[in-house]
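Below, in structure tokens: the form predicted alone, a single chain.
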Amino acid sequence: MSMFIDTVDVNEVEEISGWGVVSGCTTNPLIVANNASIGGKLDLKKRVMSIVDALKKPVSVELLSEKAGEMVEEARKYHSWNREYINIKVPFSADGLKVINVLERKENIRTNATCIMSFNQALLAALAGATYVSIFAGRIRDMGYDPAPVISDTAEFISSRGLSSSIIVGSVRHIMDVNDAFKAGAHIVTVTPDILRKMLRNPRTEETIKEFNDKFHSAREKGMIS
């Protein structure tokens, strides 16, 4: 069981990696575009390499090309930035499966099959050899379906067939989505910094810590504790 952080904000990666709970980072074109609109022009290579340097763990970078040959060339370019940590996010499609097969089995490049919305898609990605199979829980729920069976059926399929793919659950909207994903059998859940911070908080925890500390300081002020 692992947590990934879903961001291209280097400051967030640096801060939250210090918690010791993050085992990787995922990015996608939407996150990159949104971050660029906030901070001005964004150099993708420099940003990705800054995240790699800060994390020293797997970082997924998504392909934008749509034809298999072009996707493989784009994947090689991203992978050349750092062969140890950069994984290639391959959007799910027929061409995507071809790319996963080539990258994983012929070029030894780890892939992350992304934008998966069903068990059928997930099993194909796993059979093609994807290192990671990314199931988009929030978007599945947007369609009116419960993502839990997709996650659990995929986990069972991978386990029963002895496949090596790991399930990443993304498109997480609420902290309960994290709990539900792990309960359903996800190996990894990738979440935004905002969700990670929400997972920290509980008013009762804060009240209890304050109660303990106030009582201690009061007793020390009265000379009861040296």
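All residue numbers are counted from 1 along the displayed sequence. Everything numeric here is computed off the predicted structure, so don't read it as measured data.
If you look for the form predicted together with erythose-4-phosphate, you will not find it shown, but the lines that follow are about it.
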Inset, instruction - Using a 4.5 Å heavy atom cut-off, state whether residue 136 contacts erythose-4-phosphate in the model of the complex. - result: yes
Inset, instruction - Considering only heavy atoms, tell me if residue 35 and erythose-4-phosphate come within 4.5 Å of each other in the model of the complex. - result: no
Inset, instruction - Classify residue 30 as contacting or not contacting erythose-4-phosphate in the model of the complex by the rule of any non-hydrogen atom within 4.5 angstroms, answering yes or no. - result: yes
Inset, instruction - Although erythose-4-phosphate is absent from this view, report whether residue 174 comes within 4.5 Å of it in the model of the complex, heavy atoms only. - result: no
Inset, instruction - Would you confirm whether the three residues 26, 170 and 190 all fall within 4.5 Å of erythose-4-phosphate in the model of the complex, going by non-hydrogen atoms? - result: yes
Inset, instruction - Have a look at 72-80, 93-101, 136-144, 150-158 and name the one stretch with heavy atoms inside 4.5 Å of erythose-4-phosphate in the model of the complex. - result: 136-144
